[in-house]
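Listed next as structure tokens is one chain, alone, in the form predicted alone.
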């Protein structure tokens, strides 16, 4: 999401005047720090980054802070770091051209509606498109600051989404990633009159776009994973067989305290349904350990889900109390050493599972979409089920979907040869 927001910012700046990206800080006329506030560490890192940029920027260069931390801290960023020229919240991206010339401008309106705004065209990689299908979040998970930084959920009109994807396909993209806090809640709220369209229906419409060959999305919410959605995922040939299902905790007690809206049994049922309908699919997840009141038994429930589902990819973190969240006020915060030990055990076991999964890939053939040149005469891409591949080759492979046999395995990626 932040990557796509950054692309939107570049596109809006290019409407105003011809900005170019530079890797040389001393050349920059404008420095934008696009921030996340889901965890504490990126927030604390922000001010050290501002200090680095202040020291090395050229005279007259402007610094802007955007994104979720901008929404959260607002004018306090400028109070703590007066060198910052403007602050732009995550819900206010289209306002960027208006704030860069206003010293100490702050635009952080959570009620601002960008959902019907047509952004300019800019993509980091023309072979792949990221497309927002909604903004904000209608959930109230007790650990999560996102609703307080990205506002209430609103879906982007279906015709805008289709038009954006068609433009990307006409520019060379064969793959799209649909983005939203809870993509399968799509269509629940529109800010303008729209024909009803849920996420499953949107997937069907997107799959009808000529020239588009692959559809990915992130992240669906387990609560909204009905059978119709999972059947569309499994049987629509354009939908990549990789699905991210955020668990957060394997304990039904903790899930209730998190206000996730589902139980351990429901989560396992949905994963089992994916495996039943689409055995080749890969499942990734998010897990938080050390949530307040998490007992040893609660953590064992999480380990049990890990063993049953055997996630191909895991994003795992210690619970981080965030301001503006209910869980930050809970008693019985888990000691850091206990949370660290649980995280270590979880990650160690998952590493073993991943090694088993990747080692089983030797000699198998996957269809890989090549989208990036790498050093050393290699090209990279991903298989339909999301595995990262490297093969020897050059730009003639870019934009092609080709069968590749696995010749070397590692934990994070596979080497192969085109067959």
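Positions refer to the first chain, counted from 1. Note that this is a predicted model, so its numbers are computed, not measured.
A second form of this protein, the form predicted together with a small molecule, is not displayed here; the remarks below concern that form.
**Student:** Look up in the predicted bound form whether residue 144 has a non-hydrogen atom within 4.5 angstroms of the small molecule, and give yes or no.
**Tutor:** Yes - in the predicted bound form, heavy atoms of residue 144 and the small molecule come within 4.5 Å of each other.
**Student:** Since only the chain is shown here, I'm wondering whether residue 388 would be in contact with the small molecule in the predicted bound form (any heavy atom pair within 4.5 Å).
**Tutor:** Result no; residue 388 lies far from the small molecule in the predicted bound form.
**Student:** Can residue 152 be called a contact residue for the small molecule in the predicted bound form at 4.5 Å between heavy atoms?
**Tutor:** Looking in the predicted bound form, residue contacts with the small molecule do not include residue 152, since no heavy atom lies within 4.5 Å.
**Student:** Since only the chain is shown here, I'm wondering whether residue 260 would be in contact with the small molecule in the predicted bound form (any heavy atom pair within 4.5 Å).
**Tutor:** Contact with the small molecule, yes.
**Student:** Of 38, 353, 61, 365, which residue is found within 4.5 angstroms of the small molecule in the predicted bound form when only non-hydrogen atoms are counted?
**Tutor:** Looking at 38, 353, 61, 365 one by one, just 38 meets the 4.5 Å heavy-atom criterion.
**Student:** Identify which of 318, 253, 275, 167 has a heavy atom within 4.5 Å of the small molecule in the predicted bound form; exactly one of them does.
**Tutor:** Looking at 318, 253, 275, 167 one by one, just 318 meets the 4.5 Å heavy-atom criterion.
**Student:** Which is the contacting stretch out of 187 to 195, 332 to 340, 283 to 291, 103 to 111, given heavy atoms within 4.5 Å of the small molecule in the predicted bound form?
**Tutor:** One stretch meets the cut-off, namely 283 to 291.
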